[in-house]
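Presented as structure tokens, the chain that follows is alone, the form predicted alone.
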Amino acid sequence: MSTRVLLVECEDRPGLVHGITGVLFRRGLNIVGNQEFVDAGTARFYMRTEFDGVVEAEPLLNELRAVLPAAADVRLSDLAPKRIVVFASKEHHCLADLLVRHEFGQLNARLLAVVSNHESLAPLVAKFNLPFHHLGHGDGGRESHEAGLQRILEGYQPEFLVLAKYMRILSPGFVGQFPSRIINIHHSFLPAFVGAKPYHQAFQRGVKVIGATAHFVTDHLDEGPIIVQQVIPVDHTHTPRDLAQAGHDVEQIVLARALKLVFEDRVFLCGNRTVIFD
């Protein structure tokens, strides 16, 4: 028997958990996991419930809406693998990690293709028998480049885009076509060490921790809702090269963790923050 997931977000009020679980009980469904949270600042209620049993989706959702506040967001997920396209540039470490995890079924995702503004990663992607699309900068500027991206994506219809060290800034118009469906990874030095060679800058400052941040992409560069962050200790013995390698390692871990959470429907948006049921 397959497990399904019920996702609820609505205005908070007394009795919500009782009402929701009561509907599931009356339908003969068995709850195998449940998590809920109320954000005090917004008075919003969030709930993720895993259950076993056979049920038609629409009648269940309609009955749930009847016991919830108006405008409640109620969704049912069967945890099917998400359709994704990965964007990359020259750095291989995050892309390579995702390719291996995808090959062994560790992402709950179906990786449809890789798109890059450089050709250097094409041989890597070819080893995994996946489509690789090279779309260079050209002379048309960002608008022309993003039009090319759109043409490529139309052939795949992805649910999510993953920026695996994709070193181009996407326009608000492009981002707006994938609201809360673009996930980015970057080192956690921002905004301290902006621009080229951040690990050399970190070395010069004698940093003691380095880390990575995975977040949803918004119109504001690297300021979208954070999904996962992690830091690791470093010391005076680390060269800039050592720092970069350590940074790459933590970026791989953080991006993979963020994707797992999102693709298992464990992440809710709460303004510019996230509610995560781990």
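The first residue of the sequence shown is number 1, and the count goes up from there. What you see is a predicted model; the values in this text were computed from it and never measured. Under this definition, the rigid core comprises the largest set of C-alpha atoms superposing within 1.5 Å between the forms.
Although it is not shown, the form predicted together with another copy of the chain is what the next lines describe.
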property	result
Residue (of 110, 168, 118, 101) lying close to another copy of the chain in the model of the complex, criterion heavy atoms within 4.5 Å	101
Of 83, 92, 181, 142, the one that lies within 4.5 Å of another copy of the chain in the model of the complex (heavy atoms)	92
Any non-hydrogen atom of residue 63 within 4.5 angstroms of another copy of the chain in the model of the complex	no
Residue contact check: residue 5 to another copy of the chain in the model of the complex, 4.5 Å heavy atom	no
4.5 Å heavy atom contact, residue 106 to another copy of the chain in the model of the complex	yes
Exercise: residue 55 in contact with another copy of the chain in the model of the complex, heavy atom 4.5 Å	no
Another copy of the chain in the model of the complex: contacting segment from 126-134, 157-165, 143-151, 67-75, heavy atom within 4.5 Å	126-134
Sequence-ordered residues of 4-20 touching another copy of the chain in the model of the complex, heavy atom within 4.5 Å	14, 15, 17, 18
Large Cα shift (2 Å or above) at residue 179 between this form and the one not shown, core-fitted	no
After fitting the core, residue 76 CA displacement of 2 Å or more between this form and the one not shown	no
Yes/no, residue 202 Cα shift of 2 Å or more between this form and the one not shown with rigid core fixed	yes
